[in-house]
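Below sits a lone chain in structure tokens, taken as the form predicted on its own.
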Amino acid sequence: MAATGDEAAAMESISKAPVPPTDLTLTLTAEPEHKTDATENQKAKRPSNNNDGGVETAEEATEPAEPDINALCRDMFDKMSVFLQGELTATCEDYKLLENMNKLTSLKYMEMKDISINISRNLQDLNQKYASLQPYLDQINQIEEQVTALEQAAYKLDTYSKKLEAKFKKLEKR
């Protein structure tokens, strides 16, 4: 919605002449919290055609007493100190957690290294045993070949003996 009339003029004057934030505060037009001088209050409030109690208006800020600012500053610094201490504590805890995780990971890798060394050693032992058994395995292969050749000779001899027996029976019948 576009502003018209007095509202537009008020907005235009506000946008042309910015006021530093320390000079203005926004408050509800309900009852002010502390009473100030009537003339000072009249200067600070801008006229408004809207009678709505929830409308915010700009008022000139009054400076609080010096001890209040000091107390507020101390309170702010104390709270910032607590906040920063909490952040630093959380960061330290994160680093401790990372350190513990790194230590555990390092231990796991050391265990894996030991296991791989043992596997490598056992593999070398098996290779040496296989190399020492190789002559016997070669002899077994030779014996197997000889048995196969002997078996073939036995089959040939069996078939020849059957043929010979058949011829002998044929001759005997004549």
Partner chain sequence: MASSETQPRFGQSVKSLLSDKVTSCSGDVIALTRQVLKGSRSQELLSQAARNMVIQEDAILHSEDSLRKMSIITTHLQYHVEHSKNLQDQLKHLMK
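Because the structure is a prediction, the values reported are computed rather than measured. Take the two forms, superpose them, and find the largest set of C-alpha atoms that agree within 1.5 Å; that set is the rigid core. Positions refer to the first chain, counted from 1.
One more form of this protein, predicted together with the partner chain, exists but is not displayed; see below.
- The closest heavy atom approach of Leu84 to the partner chain in the model of the complex falls within 4.5 Å.
- Although the partner is absent here, Ile119 is a contact residue: one of its heavy atoms lies within 4.5 angstroms of the partner chain in the model of the complex.
- Of the heavy atoms in Met76, some are within 4.5 Å of the partner chain in the model of the complex.
- The partner chain in the model of the complex comes within 4.5 Å of no heavy atom belonging to Leu72.
- In the model of the complex, Leu98, Met101, Asn102, Thr105, Lys108, Tyr109, Glu111, Met112, Ile115, Ser116, Ile119, Asn122, Leu123 are the residues of 98-123 with at least one heavy atom within 4.5 Å of the partner chain, listed from first to last.
- Remark: with the core as the superposition reference, the CA shift of Tyr95 between the shown form and the other one reaches 2 Å or more.
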